[in-house]
Ligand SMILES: Cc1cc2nc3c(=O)[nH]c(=O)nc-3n(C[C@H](O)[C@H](O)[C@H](O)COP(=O)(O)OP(=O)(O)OC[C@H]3O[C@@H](n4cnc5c(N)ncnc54)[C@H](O)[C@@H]3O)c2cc1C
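The form predicted on its own is given below as one chain in structure tokens.
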Amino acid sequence: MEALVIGSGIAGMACAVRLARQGIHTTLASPAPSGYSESVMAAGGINAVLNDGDDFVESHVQDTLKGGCGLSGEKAVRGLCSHGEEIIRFLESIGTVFSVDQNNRLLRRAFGGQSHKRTCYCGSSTGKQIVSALIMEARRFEASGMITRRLRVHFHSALIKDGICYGALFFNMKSLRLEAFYSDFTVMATGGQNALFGKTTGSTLCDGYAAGRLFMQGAELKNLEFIQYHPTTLETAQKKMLISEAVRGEGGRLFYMEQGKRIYFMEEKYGEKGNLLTRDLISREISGCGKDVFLDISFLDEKTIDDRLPEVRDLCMKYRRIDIKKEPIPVSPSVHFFMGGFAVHLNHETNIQNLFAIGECASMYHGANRLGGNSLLSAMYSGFVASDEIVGRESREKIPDFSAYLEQERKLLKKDQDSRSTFPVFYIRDLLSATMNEHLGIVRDEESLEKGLSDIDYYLSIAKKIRYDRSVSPYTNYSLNAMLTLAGAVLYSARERRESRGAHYRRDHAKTKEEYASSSLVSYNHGDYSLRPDREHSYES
């Protein structure tokens, strides 16, 4: 039996390692090594209810369901929350070093929207520590031949016949050619859609192309309108640097200046826990106050900052020369996480047989808004769920002939490579990110969403007619059309949800409406989008 995992962040490696442990040879394919994955940037921690305090799995379940605003499937959420301690113990067993107290008990911090302190952490570099441990575990299986790494390859398209996936086509960045990887089971672990928005807290390696291309190949997508803005990011020339929720979890306070005085606006409006409310609410409050907002941690003792927030300390000093022990951090909201993605069943299989999706690219546990600390948990858990499902399946009997499809795609790629046009493809990508930031911000309305859809239609009309220059990677050229198609689907989904719920806030429909108490499933057919409500949680039943 052969498995193919596309994407080598935490979700992809968790899946590959578990498959290898159970005797399934796995190809782990990605454009860059795992150390470059977005998972490394996950700073704050991973949620888990441990059997050593007054927290309960049921509390975690209810917090997650409440955060998801009625759109999270309860069965899926119970599975996620009940496996928290098992995942923490697995991570410890492979070398993840969590922060502990003097009695060697795991420390936990408070994250927004949670009723208990349940976020385990490794200083403020939890993602980096987990990635490092998984890399070493994966290398053991690479040495034994159970995992094969394929680097510098970009996903191009899936090999699908009669609704069944038989592997994928990749663009090899070294040979500049397309290669087919055949497999019994294919797992997408390609992350979110950061490049649609340009400058975000995440990696532009997560560009949304894979979701867009598979969407055009028949995969259903879900809840695309729910995009989480992280309320506290630091602006730099390159990107928005995440100021982890851990800072507020350790006591950090948000304020703005008015007439020479600090106004702790979240505490004044919501009480002492105002700084730890959900990310969507805090983002709206910061965006709506019309002031420069700061996050202060300078009142903490230096040892606490050095022990628990060293990465935040170093980041602020390196990029903005800010000493967080003495001065506050200027912060603003930024696109951070995508609750929407591939619609998957409880076993993480998509509507295309033998094609799975895990991690951030799959829409399953978070509903309309994700709790901080649940992303790393869901990355690990979804990787385990998909691998366990694959182990219980039978391998394929015969691979259909894809030679005609391969030849067709190779000709299209060569046509682009032979082009002498000097049209700058990044010009449209810059227009795309400007459109998405303007029309899919923290607060939306019908008129703005309609304008965004009109812009995307125009960009698509250009993209279909032009040829590109050879100064950029062929991947950059051919990926544009699918990215634009996905962007249109996101705007379309946001326009059709005429209510406010979780991370989707409409100024023209400010109330949550019972008629929209269901997930949105969107599909694609020859240039047209269609949306249907998933009132019965059909994917999660």
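Note that residue numbering begins at 1 and tracks the sequence as displayed. Because the structure is predicted, anything quoted here is derived from the model rather than measured.
From this point on, the text means the form predicted together with the ligand, which you will not see here.
Peer 1: Report whether all of I10, S37 and L242 sit within 4.5 Å of the ligand in the model of the complex, measuring from non-hydrogen atoms.
Peer 2: Looking in the model of the complex, the three residues I10, S37 and L242 all sit within 4.5 Å of the ligand (heavy atoms).
Peer 1: Is R108 close enough to the ligand in the model of the complex to count, meaning some heavy atom within 4.5 Å?
Peer 2: R108: no, not in contact with the ligand in the model of the complex.
Peer 1: Find out whether any non-hydrogen atom of T190 is located within 4.5 angstroms of the ligand in the model of the complex, and reply yes or no.
Peer 2: So T190 counts as contacting the ligand.
Peer 1: Does T201 reach the ligand in the model of the complex, with heavy atoms at most 4.5 Å apart?
Peer 2: Contact with the ligand, yes.
Peer 1: Find out whether any non-hydrogen atom of S363 is located within 4.5 angstroms of the ligand in the model of the complex, and reply yes or no.
Peer 2: Judged by the heavy-atom cut-off of 4.5 Å, S363 is well away from the ligand in the model of the complex.
Peer 1: For the chain seen here without its partner, which of 149 to 157, 315 to 323, 404 to 412, 261 to 269 has a heavy atom within 4.5 Å of the ligand in the model of the complex?
Peer 2: It is 149 to 157 that comes within 4.5 Å of the partner.
Peer 1: Sort through S375, S183, T278, N354 and report the residue having a heavy atom within 4.5 Å of the ligand in the model of the complex.
Peer 2: Only one option qualifies, and that one is S375.
Peer 1: State the residue from F337, Y459, Y381, Y166 whose non-hydrogen atoms include one within 4.5 Å of the ligand in the model of the complex.
Peer 2: It is F337.
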